[in-house]
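For reference, the chain that follows is the form predicted on its own, supplied as C-alpha cells.
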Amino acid sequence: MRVLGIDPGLTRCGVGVVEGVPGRPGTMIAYHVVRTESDDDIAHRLLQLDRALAALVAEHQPESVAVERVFAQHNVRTVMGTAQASAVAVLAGARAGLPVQTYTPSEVKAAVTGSGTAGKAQVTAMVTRLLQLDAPPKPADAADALALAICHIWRGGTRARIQAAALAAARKAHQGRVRR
C-alpha cells in the first residue's frame, strides 16, 4: 500500500510518501515540504498549497491519504491556518478519489513510537529507524508526514479496507432491493 501522509501547515506543509504493509518496515518513496510566504494573501497561500498537493498526489499515485487532525492550540491564528491547510489536504485526496483518513498527533506518536506523548525527536528517530534511512528527514514537518503515512499503513489501512468492503456490500444490497 502506498500512502501519502500530510502534516498540514500554512507556512510549511510536510508531505511524505511511504509504501508498505502492516507490521513490516516500510519504504520511503519521497518527502517534500510545501512552503508559502506568511505575508502573502490567505487565498493565494491556500491555492498554492492546493496546487502543490494535487501535483504530489498525481506524481506519487498513492492508494490513500493520511492527514494529521487539527488539535486545539492556544494561538487561534495558528490553529485557523492549520485547519485551513488541513481542509485543503483532505480535499486533495478526495478530489483524486482516494480514501482519506485523519489521525490525532497522539495516535501517530503511539503508532510510531509506542507512546502517545513522545516528543518530536523520538518520532523523527523512529521514522528514521523504521524506514531504514541514512539520515533523519528534515525539517520536522517531513518526518511528521512520514510518521502519518506509517501510522496509516499500520493502523488505518486495515480500517479503510474494512470500511470500503462494508460500503461495497451495502451498495450491492441496496441495488438488489431496488431491482426487486
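Numbers for residues come from their place in the sequence shown, where the first is 1. A quick note: this is a predicted structure, and the numbers were derived from the prediction, not measured.
Omitted from view is the form predicted together with another copy of the chain, to which the following refers.
- The contact with another copy of the chain in the predicted bound form, taken as any heavy atom within 4.5 Å, belongs to Leu47 out of Leu47, Ala30, Ala121, Ala58.
- Another copy of the chain in the predicted bound form is not approached by Met126, whose heavy atoms all lie more than 4.5 angstroms from it.
- Another copy of the chain is not drawn, but in the predicted bound form it has a heavy atom within 4.5 Å of Val70.
- Using a 4.5 angstroms threshold between heavy atoms, Ala43 counts as touching another copy of the chain in the predicted bound form.
- Another copy of the chain is not shown here, and in the predicted bound form it never comes within 4.5 Å of any heavy atom of Ala110.
- Against another copy of the chain in the predicted bound form, the set Ile153, Ala165 and Ala169 makes no contact: no member has a heavy atom within 4.5 Å.
- In the predicted bound form, Ala94, Arg95, Val100, Thr102 are the residues of 93 to 121 with at least one heavy atom within 4.5 Å of another copy of the chain, listed from first to last.
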